[in-house]
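As a starting point, one isolated chain is supplied in structure tokens, in the form predicted alone.
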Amino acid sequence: MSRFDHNRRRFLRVSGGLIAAGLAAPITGARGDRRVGGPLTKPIPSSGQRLPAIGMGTWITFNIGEDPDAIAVRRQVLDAFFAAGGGMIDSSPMYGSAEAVLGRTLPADALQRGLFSATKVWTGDGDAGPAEIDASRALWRLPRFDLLQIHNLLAWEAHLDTLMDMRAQGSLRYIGVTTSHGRRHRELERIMADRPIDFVQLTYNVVDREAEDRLLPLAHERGIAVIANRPFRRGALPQRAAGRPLPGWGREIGCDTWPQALLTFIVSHPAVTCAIPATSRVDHMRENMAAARGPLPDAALRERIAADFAAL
């Protein structure tokens, strides 16, 4: 059996289960999705708070040190993000200077413009977690974070105790765990099944679809929001589609370009709450934020999108 045939059978199996449960995304939008003259939003299951489905990552793109010209461009990128209705910005202490650059470039009214701040704790020493979190908060120049995540499950048991205490005390709204590149899915599944987390972050895109097998259905079952990282595989997927026209179905879902279609594919999955593409360019930010503004593809059209991309 070819990889495509395997993926197709897996997709149809998972989609069939979602349809049976009433969770499939119809062409007019998945249950719970909302557009009222603006971007697609989806609910955070644990609270009902709505979150714009297209967010922003900062890995590599905001790790620019003290370069004044680059910093000026990042301010423009953020302005375009918020102007288009953006919300979630995701970072980590692992990302070099990214958190410090965010602190210097976030607009003064970012909270009023809808900022949903998400970063991570990334230390192998559980006792050092609170100090690292305080350092991140100071770099962002925020009174508190909306979401703190345990980066790549590092020392997750100790950090989860810390984050649960913070949430109980009201100094943190949501807690989560992350992985990427398809790693440690079994361990992530156990955490999702047993621990009271609000978010999980994992790799999901039109090519990397392993999460469809167990993690995305489990997230829906457990009421866990899903952040999709590596939506473009660090630009490899748009590069693969460069110069290739978008098929006619693009008009059906309001997409003009392959990058928009790739993002729409991700957030059209009923269990996915938000995708976090990263960019250092204003034009790419505007292109990203224009995704998922039309009707969402249903299961059959999602499969066609995947097949057409695989054929490029």
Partner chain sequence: MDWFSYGPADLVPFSSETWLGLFGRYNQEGLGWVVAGPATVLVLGLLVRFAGGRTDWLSRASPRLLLALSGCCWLWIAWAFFHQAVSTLLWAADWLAWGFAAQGLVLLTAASLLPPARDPANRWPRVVGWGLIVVALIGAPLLAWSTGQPPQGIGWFGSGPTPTAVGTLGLLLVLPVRLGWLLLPVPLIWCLLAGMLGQVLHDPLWPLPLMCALVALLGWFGMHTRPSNNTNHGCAPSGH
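Numbering follows the first chain given and starts at 1. Note that the structure is a prediction, hence the values are computed from the model and not measured.
Just so you know, the form predicted in complex with the partner chain exists too; it's not on screen, but the next bit is about it.
Each of 59, 67 and 96 comes within 4.5 Å of the partner chain in the predicted bound form, counting any heavy atom. Looking at residue 47, you'd find every heavy atom of it more than 4.5 angstroms from the partner chain in the predicted bound form. When contacts are judged by a 4.5 Å heavy atom cut-off, residue 234 counts as touching the partner chain in the predicted bound form.
The closest heavy atom approach of residue 152 to the partner chain in the predicted bound form falls within 4.5 Å. When the partner chain is considered in the predicted bound form, residue 156 lies well away from it, no heavy atom lying within 4.5 Å. Contact annotation: the partner chain lies within 4.5 Å of heavy atoms from the stretch 177-185 in the predicted bound form, the single such stretch among 137-145, 199-207, 177-185, 218-226. Residues of 278-301 that come within 4.5 Å of the partner chain in the predicted bound form, judged by any heavy atom, do not exist; none qualify.
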